[in-house]
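One chain is shown next in structure tokens, namely the form predicted alone.
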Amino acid sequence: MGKEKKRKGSCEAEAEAVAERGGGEEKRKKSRTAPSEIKNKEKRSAVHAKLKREKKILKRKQAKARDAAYKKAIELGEEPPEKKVPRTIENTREPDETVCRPDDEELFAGNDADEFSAVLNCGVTPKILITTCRFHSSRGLAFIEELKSVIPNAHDYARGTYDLKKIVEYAKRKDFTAIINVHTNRREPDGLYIIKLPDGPTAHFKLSNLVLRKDIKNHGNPTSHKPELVLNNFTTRLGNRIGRLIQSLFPQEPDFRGRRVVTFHNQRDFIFFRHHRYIFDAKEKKEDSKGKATQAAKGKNLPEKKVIARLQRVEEMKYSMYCCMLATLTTSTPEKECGPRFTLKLISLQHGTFDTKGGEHEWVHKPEMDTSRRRFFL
């Protein structure tokens, strides 16, 4: 009996020891999965760093395995596995009925008969009047000067005490095609009105993140050539209308010798403006020198410079194509940002010219419209 009791006691002790070990392993797993439960700060940070390293190593192994599977499939002549597309706010946006389709005949018919068709079909040369608000600042005037260097055939006029309606009538008589009004608040430009003449529409934008040319490091200087225009990601009916309004400010026959590119990139309803000028590098001919110095070192005949890239007309290029173009340019043709740099956010689009009292709005942004981070209007 005593021996049996001893055996039972030893078995129970072993079972308890195993249970304690299992409990310890479970505790370790819990501490790994939830380092926030550890009260000691040093241990918590150490466990978090360890989990982060393990996750990084695992991610690297998975990437290597995918690359190996891709190369093996190509060597065997099989179809490679599909690459996973990361989830972003852009590709998970809420479905919108107003998104333009390439086979939408109604949209193309409307574009041929809208207010911008005369300028976009090269029937009328754009002529822009730029003015300020009544109480402007030196920074607003500097911004207008740089806008004049961006938009060809743009003229600035002092606002004075004139109402904007009277300025619209004056611009109609002088055959201007559009008015740009820069609004200033606390000595900082914070708004932009674009009024299409003679019959509208009028777009009101919020202006933010303004960086002038002098504040851009290693900036370039623009020339007087007509720039190439890149409009990207204006996919809805409203976005198409805003894109055509911006397009009507620029001439439709760019001068490629000037190597100027003006970009309006729409992302999550924020329109980012950039102005670049690209410069082509020269490739020198390599000569086989058998123990002799090269001709360039001796100061003799220098190799002729060769232009590398061929340019094509860019009108409404997709942003991916534009990024590829910039990637190829940066390898052999570095670009210089000429400025200015700013961001626009559409507040309202109004029928006709500027009218605060009796004007009808096509679209107005309201706070209750922002129901989701994945809902976009342009």
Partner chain sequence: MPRTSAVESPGCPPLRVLTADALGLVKVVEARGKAGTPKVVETWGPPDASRCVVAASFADRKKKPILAVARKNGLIDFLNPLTGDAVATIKFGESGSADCAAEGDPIVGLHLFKSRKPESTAMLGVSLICTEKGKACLRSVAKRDAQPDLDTDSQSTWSVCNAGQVLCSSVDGSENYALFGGKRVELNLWDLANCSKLWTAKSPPSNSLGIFTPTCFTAATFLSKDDHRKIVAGTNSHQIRLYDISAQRRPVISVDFRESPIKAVAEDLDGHIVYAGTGSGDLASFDIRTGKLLGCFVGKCSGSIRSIARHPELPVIASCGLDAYLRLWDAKTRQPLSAVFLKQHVTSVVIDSHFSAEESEVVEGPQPVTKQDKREVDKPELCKQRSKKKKRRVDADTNRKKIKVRDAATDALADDDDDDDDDDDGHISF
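Numbering follows the first chain given and starts at 1. In this text the structure is predicted, and so the values were computed from the model without any measurement.
The next section is about a form of this same protein that is not shown, the form predicted in complex with the partner chain.
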Quick check: do R237, H361 and E368 each get a heavy atom within 4.5 Å of the partner chain in the predicted complex?
yes
Note: the partner chain not shown here; in the predicted complex, the stretch from 126 to 134, 108 to 116, 205 to 213, 169 to 177 having heavy atoms within 4.5 Å of it is 108 to 116
Would you please decide whether E94 lies within 4.5 angstroms of the partner chain in the predicted complex, comparing each non-hydrogen atom pair?
yes
Are any of the heavy atoms in K345 no more than 4.5 Å from a heavy atom of the partner chain in the predicted complex?
no
Heavy atom to heavy atom, is R66 within 4.5 Å of the partner chain in the predicted complex?
no
Consider K336 of the chain shown here, and say whether it contacts the partner chain in the predicted complex, taking contact as heavy atoms within 4.5 Å.
no
Could you check which residue among H275, K226, R241, H183 gets a heavy atom within 4.5 Å of the partner chain in the predicted complex?
R241
One residue of S138, N221, T98, N121 in contact with the partner chain, assessed in the predicted complex (non-hydrogen atom, 4.5 angstroms):
T98
